[in-house]
Ligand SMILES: O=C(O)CCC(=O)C(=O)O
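One chain comes next, on its own, written as structure tokens: the form predicted alone.
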Amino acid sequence: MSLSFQTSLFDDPALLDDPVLGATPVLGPLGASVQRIELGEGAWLDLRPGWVGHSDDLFERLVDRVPWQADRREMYDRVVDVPRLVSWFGPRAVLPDPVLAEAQSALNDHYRRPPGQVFETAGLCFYRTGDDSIAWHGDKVGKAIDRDTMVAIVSVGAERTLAVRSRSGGEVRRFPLGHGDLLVMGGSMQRTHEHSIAKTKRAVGPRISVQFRPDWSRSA
């Protein structure tokens, strides 16, 4: 797949040019580097910018290694193309890059996930251009359970803006994500809030979002 992609200014160019070091994405620490943002109504976000070092290498690996699929979905009275490519890895599946398995383990350690809420699955979305998007939503399976849950998102590739709003109205908050950033949605967020990535006419590069979730089929 051929894409025009601007590498991150935060990745060390000397390392990116090295055939060995440049091919090894690495995770930074979590701990105190994670910023908690309270959204109200029991919802919160955690942010950790640049969690994945050499993230542009990870982006390029995922473009090539992931079995991307073009989904179609029923909307109103017709079936439409989903405006992004997707792939999903269930519990016990081998993830498409070792650093994703390390990330999943590190997140479970950091958040001390209780039984039934361990991050076990990974859903990947490939936003190829500004025409690719996702409408306002809360994760439907998470919304169906009557307790708090968490979704962790790792973004690699170009920056896109994740918008967040309360279902009861009020301010729309925007969080630019890309180049190895981590965002974790927690508390009541999937029930009380919605999030989206809007289409844009600006010239933007491609982005891949990796969403770690519990296996909700076992946590209901």
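Please read these numbers as outputs of a predicted model, since none were measured by experiment. Don't overthink the numbering: it's just position in the shown sequence, from 1.
The following text describes the form predicted together with this ligand, which does not appear among the structures shown.
Novice: When this ligand is placed as it is in the predicted complex, are A43, R174 and R191 each within 4.5 Å of it, taking any non-hydrogen atom of the residue?
Specialist: Zero of three within 4.5 Å in the predicted complex.
Novice: Can you check whether L95 is within 4.5 Å of this ligand in the predicted complex, heavy atom basis?
Specialist: The answer is no: L95 has no heavy atom within 4.5 Å of this ligand.
Novice: Residue-level question: is V204 within 4.5 Å of this ligand in the predicted complex, judged on heavy atoms?
Specialist: Looking in the predicted complex, residue contacts with this ligand do not include V204, since no heavy atom lies within 4.5 Å.
Novice: Does at least one non-hydrogen atom of R147 fall within 4.5 angstroms of this ligand in the predicted complex?
Specialist: The answer is no: R147 has no heavy atom within 4.5 Å of this ligand.
Novice: Is there a non-hydrogen atom of R48 within 4.5 angstroms of a non-hydrogen atom of this ligand in the predicted complex?
Specialist: It does not: once this ligand is placed as it appears in the predicted complex, R48 has no heavy atom within 4.5 Å of it.
Novice: Just one of V164, I153, L30, V66 has a heavy atom within 4.5 angstroms of this ligand in the predicted complex, so which one?
Specialist: The option sitting close enough to the partner is I153.
Novice: Using a 4.5 Å heavy atom cutoff, which residues in 189-211 contact this ligand in the predicted complex? It's fine if the answer is none.
Specialist: Counting only heavy atoms within 4.5 Å of this ligand in the predicted complex, the contacting residues of 189-211 are H195, I197, R207, S209, Q211.
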